[in-house]
Structure formats: C-alpha cells, structure tokens
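Take a look at this one chain, the form predicted alone, written out in structure tokens.
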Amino acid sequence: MSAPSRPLQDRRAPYIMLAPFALIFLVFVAWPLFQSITLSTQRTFGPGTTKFVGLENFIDLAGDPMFWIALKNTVIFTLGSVLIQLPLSLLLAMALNRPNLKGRALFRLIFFCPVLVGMVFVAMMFSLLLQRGSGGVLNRMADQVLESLFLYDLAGAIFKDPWLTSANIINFPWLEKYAMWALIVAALWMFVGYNMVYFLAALQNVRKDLLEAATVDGANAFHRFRHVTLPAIRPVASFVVLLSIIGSFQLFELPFFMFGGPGYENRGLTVVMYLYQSGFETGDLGYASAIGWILALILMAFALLQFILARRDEGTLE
C-alpha cells in the first residue's frame, strides 16, 4: 500500500522558506562576485568607459611596487596579530580561568569592553595618544616623567650632546617612523580581550579529570598545558588564528583614520586601503577588483591550509 502523497503546499514550504535567503544571496553575493570577476578583466576610465584587458590587471599587479608595499605591511601586521596578540589572549584567558580568582566577571568585562567601542574610535584615540608635539598624550607624559626623575640633567652631565632631551621626547615620531608598531599596539588593545573570550570558552571545556590524572602522575603546570590543555583547545585555537589572519588582511579603518591615509612614506598602507585608493580615488574599478581577487585567493589559501591541518589533527587523534 503506497504512502499518501503530501499536499502541494507542504512540498512547497521548504522552498518558500529558503526563497528570501536565496534572493538575498543572489542579489548581494553571487551577482557582485560575478561582476567583480568581469571587472577584474577590464580597465575602467570613469563611470561609463571600460576596456577589456584580460589578465593585464593581474600582470600589472605583479610589477606594482605599491601593491608589494601594501602586501608587506599587511603581512607584518598579521604576524604581529598572530604572534603577539593571540599568546597574550591565551595568557589572559588562563589567568581568568582560575576558579579562586575574585572578580573574574568584572575582569572579563574590562578586557572585552575595548572591542565594543568601534574601530574608528580606537583609531582616533590612538592618533591623539601618539601624535607629535605637546598634544600627544604619550609623549607629554613621558616628558613629564623624565623631567621629574631628573633624567634629562643626568644625560646632560654624562654625554656632551645627549639625545635624551625634552624636544626629542615631545616630538617622538610614533605615527611616522613607527607606524606599524602603533597599529599593532592599537589592535592589541582592541582585540586581545575579544580573542580571550574564545580561549576562555575552550579552557572551560577542558576535562578536569585528565588534568587531575596528569597532576597525580607528577606532571607540572607546563606539561599539563602542553599535553592536556593545548590538544583540547587546538580546534578553537586554529579557528581563532584563521579569524585573526582574515581580519588582519582586511585591515582598513584603523590605519585610514589613524594616519588619515597610507601614512608617512606609505608605512600604513594595507592591501584593502590600496584597493580603496585604486577603485574610489583613482577610479580604476577593474584594477581594484584584481586586487580584491588576489586578496581573496590569499585568504582562501589560508583557509584551505587550516582545513588540511585540522583534518590531519583529527586523523592523528583517531
């Protein structure tokens, strides 16, 4: 005896529910992606004039010194985010994961709050902190501390022509010669607590019985972290690393508002900022689309590498 067929409206229900998402995806994702592929093979001259150039935009990128400067700056910032920011986030998470710590909820809120203020606010705040002259908060504070400790006088007594002077400290070029360090510190202040939340959630899921068994077997804190905690949080750590790499390669607002552009000698120029300059300042949307696809391919390569490493780890655990 055959099963009764469902009513027509029941068979249509899943498609009706998926229709809004499918429409939004086609209009705002699939169609722009197709258009960007088409644009990357064209050279645009103003809003309505285009010329098909094939792969010429990508060939020109290979010999474009500004693109390589932007890529180098972006890679340096990414390394700072991964190698400095994430270990500090993990250390903070481990410190706040101690059960006997008083005020844990308050500390978690304090460290997480900077990410809530927004990238533009952080950029403007660090621009005021690190700018030259008496208006720069950090330089002015350093000048007052050194003067109160009589270090200027000490340097003058020891050296005939000391570099440690009030004028040098007040005009220390944080936003010029040390632009990349300024960006790394600003991003560190903003995102260290954000990544801490991921690590904290992972640490709270580490099996306590395994830690207790390792302690009974004589393992010290380092060995417990290496052989028990680290393997347990590795999936989350891999996700956070990938998230940090993607976010770092998409850096735009922080240097744009912190330096008002690419900065001194293009030391704050990033790949996305160069894409913006090519597309909206120069007006060559085809060249900007080629930059965007190079960036997308780089991020896809990182995502594929992370997927391969994750599968290998799963195979090792099995």
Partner chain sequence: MKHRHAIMMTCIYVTLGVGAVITFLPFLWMFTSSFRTNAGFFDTYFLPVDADENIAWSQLTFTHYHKLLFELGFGRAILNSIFLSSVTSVIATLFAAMAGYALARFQFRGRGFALFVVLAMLIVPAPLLLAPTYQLMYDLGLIDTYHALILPAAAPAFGVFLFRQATLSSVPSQLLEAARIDGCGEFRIFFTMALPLLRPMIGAFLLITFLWSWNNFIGPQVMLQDVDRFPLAVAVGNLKGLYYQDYGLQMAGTLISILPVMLLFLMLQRDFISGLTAGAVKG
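Numbering follows the first chain given and starts at 1. As the structure is a computational prediction, the values presented were derived from the model and not from experiment. Between two forms, the rigid core is defined as the largest C-alpha subset superposing within 1.5 Å.
The form predicted in complex with the partner chain exists for this protein as well; it is not shown, and the discussion that follows is about that form.
Here is the short version: of 109, 151, 211, 75, the single residue with a heavy atom within 4.5 Å of the partner chain in the predicted complex is 109. For the residues 117, 83, 167, 158, the 4.5 Å heavy atom test against the partner chain in the predicted complex is passed only by 117. Residue contact check for residue 266: none of its heavy atoms lie within 4.5 Å of the partner chain in the predicted complex. Contact check for residue 25: a non-hydrogen atom falls within 4.5 Å of the partner chain in the predicted complex. Although the partner is absent here, residue 87 lies well away from the partner chain in the predicted complex, with no heavy atom inside 4.5 Å.
Contact between residue 96 and the partner chain in the predicted complex is found at the 4.5 Å heavy atom cutoff. With contact defined as any non-hydrogen atom lying within 4.5 angstroms of the partner chain in the predicted complex, the contacting residues in 128-156 are 128, 129, 131, 134, 135, 137, 140, 141, 144, given in sequence order. Relative to the superposed core, residue 238 undergoes a Cα shift smaller than 2 Å between the shown form and the other one.
Residue 197 is not among the residues whose C-alpha shifts by 2 Å or more between the shown form and the other one once the rigid core is aligned; its shift stays under 2 Å.
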